[in-house]
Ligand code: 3PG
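To begin, one chain is listed below as structure tokens, in the form predicted alone.
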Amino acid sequence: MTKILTMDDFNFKNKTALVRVDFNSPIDLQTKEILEDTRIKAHGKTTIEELAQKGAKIVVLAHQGRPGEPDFIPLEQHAEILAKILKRPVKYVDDLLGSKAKKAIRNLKNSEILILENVRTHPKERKKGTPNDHAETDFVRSLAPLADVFVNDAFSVAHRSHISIVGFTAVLPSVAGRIMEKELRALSRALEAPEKPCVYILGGAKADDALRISRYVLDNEIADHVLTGGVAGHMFLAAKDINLGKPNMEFLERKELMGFVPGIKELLKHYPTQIKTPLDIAVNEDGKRREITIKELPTKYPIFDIGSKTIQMYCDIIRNAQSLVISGPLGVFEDRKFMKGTKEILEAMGESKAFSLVGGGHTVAAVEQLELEKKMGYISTAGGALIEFLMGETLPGVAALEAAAKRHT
């Protein structure tokens, strides 16, 4: 795992902790009410609750939506929900840097929790920059003198070099919160020294991600096999010069995915046995599921899932694995007729004794729908940060914690 400080490395009693979390939640666009509190509960039940028990004065920084979008709302509801989850008072102030916010912070007592206004109300919050650059902003200069430590618990936005993610690390002792720590440990286990054989299962609709992840894990001898499905699987089949049929080829053209074919072709040349593509697929034939082999392509019907022979081949590989990573469903799992591929692959992962990492919003939704959460090694709720980590990218939020750890040890 990367060299960072954690909450075990700091004495929080009587100290003011600035805690960056990710409370970004689904919003009813008509009523503006929060529909689901998974992330609030995750941060609340771990990092925030522990800080309260350790006697810290807790100042929560979080975002909701983006300026100009319908889900860009204040954080008052988030404070109310957190209070119910923790069964303790949670204060809220509709101010971020001004006198109201500063007074509320100064008045905090040990174990009290305060949520400041949506950090994205600050006009420069989302501007990219280095920790030192951001340390010079009014955002950091206003709040840092009131705090003793910065706790970054927002792994899901660690790929953003925003002020509230990296700015405070340049001027305050900085540690990873428990969610950040858990994410990094699980992802490091899948990337840095995975037990072999290691299998990556790449589905979903982002073929560019599948290409870059495949290239990274194969070039660096992290994965022994890459299994493809979903739209990513369509792209890999197209790279084998297989005509998928008019509706499917037009879909790939419309989504501007055909530009990735040359890169996938090159990858297939280098790793012909490690990369597995579907042997058969399931098409949506006038609302019904019908399976056909790859030899029967092209088809005039849209491809909605992998077929039974592919499922069997993939499950055999999964059963022999010691490490498993899945990002993206294998088909249109939202339609029960086309959930078979995703369902049986996830069930095989759940039955395996291998360490399994599940990532991506749609994949997590499928796991929850199938009630397989307890059978998976680790479920990551991160989106872009997870993908960039799996592609070997340096995450600014993590790099900033590493740099802070060097300064304060």
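Source: prediction; values computed, not measured. Start at 1 and count along the sequence shown; that's the residue number.
Although not depicted, the form predicted together with the named molecule is the subject of the following passage.
The named molecule is not drawn, but in the predicted bound form it has a heavy atom within 4.5 Å of H63. The closest heavy atom approach of N24 to the named molecule in the predicted bound form falls within 4.5 Å.
Using a 4.5 Å cutoff between non-hydrogen atoms, H159 counts as a contact of the named molecule in the predicted bound form. In the predicted bound form, the named molecule sits within 4.5 Å of a heavy atom of R120. Contact annotation: of the candidates R39, H362, K375, K45, the single residue with a non-hydrogen atom within 4.5 angstroms of the named molecule in the predicted bound form is R39. Here the chain stands alone, but in the predicted bound form its contact with the named molecule, taken as any heavy atom within 4.5 Å, falls in 150-158 among 80-88, 219-227, 150-158, 94-102.
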